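Given next, in structure tokens, is a single chain: the form predicted alone.
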């Protein structure tokens, strides 16, 4: 039995296999409609989520399986003080696989050690979000046809953005990757990510506050929301939240085949007028999330 807590638990070969399965699901959906018949997915979401929870549910339903679970801690026995370990031990009696989101970093790891079924980390605090990373890798593959020789710009909240940390870690294993870090000083990429990932792997990276200055060199622009829920004081949030707003005029010197990504939800960091630009691929990215989660469920349940 295997769980997925951190993207580094998957080899690049396994990631390539998951992407291949997801692409096959997109091409031949009818072949997968009964694959998880009589299987049940439990969604244990101790923190609010729309896309991740619903895409897991849609993934399981499209595989012919069933879904049970809760969407906030208040509606679970955690409100009575039950431990994560006890919750998943119990839920393991009712479900074949668990997808779990938790505000505490490391909670899904604790869950995976207590569970008797596979556990998928659907996001733990500011730490890790491996299925979003798989979603991003599938999106990049479908948009660019490759995962190597790319210049990738990350813009906005690089400090608390778990999607950013996970994707940088995943991309660092591919050849010819250049990372461009665009943020205010207060929201810079944590030094441990720079030290343990970028410097350790010898990845070329630059840090800047100026999005337009680096725009011409980017193959991918990964925009992020400044996350109000991770701030300790509202003044800092209000000062920083609108620092980067992507508008059509900021794309005047961008590549014609730039891919604009965003893990969503967006607040106002991408103006809605960009939605019609063929380079905007964040809603295609959200759809990729369903297909890669279908592939991952099949892999962890060991269904061919």
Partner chain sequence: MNIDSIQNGVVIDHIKAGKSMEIYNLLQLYNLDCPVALITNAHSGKMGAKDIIKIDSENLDIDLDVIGLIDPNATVNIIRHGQLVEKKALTLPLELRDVLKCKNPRCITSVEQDLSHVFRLTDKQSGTYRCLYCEAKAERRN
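Remember, predicted model here, so these are calculated numbers, not experimental data. Residue numbers count along the first chain shown, from 1.
One more form of this protein exists, namely the form predicted together with the partner chain; it is left out here, but the text below deals with it.
Note on the partner interface in the model of the complex: the residue among 195, 209, 89, 144 having a heavy atom within 4.5 angstroms of the partner chain is 195. Contact with the partner chain in the model of the complex, judged by any heavy atom within 4.5 Å, is made by just one of 83, 204, 116, 149: 83. Listed stretches are 180 to 188, 135 to 143, 167 to 175, 102 to 110; the contact stretch with the partner chain in the model of the complex is 102 to 110, by a heavy atom cutoff of 4.5 Å. Using a 4.5 Å cutoff between non-hydrogen atoms, residue 127 counts as a contact of the partner chain in the model of the complex. Looking at 155 to 184, the one residue that comes within 4.5 Å of the partner chain in the model of the complex, counting any heavy atom, is 160.
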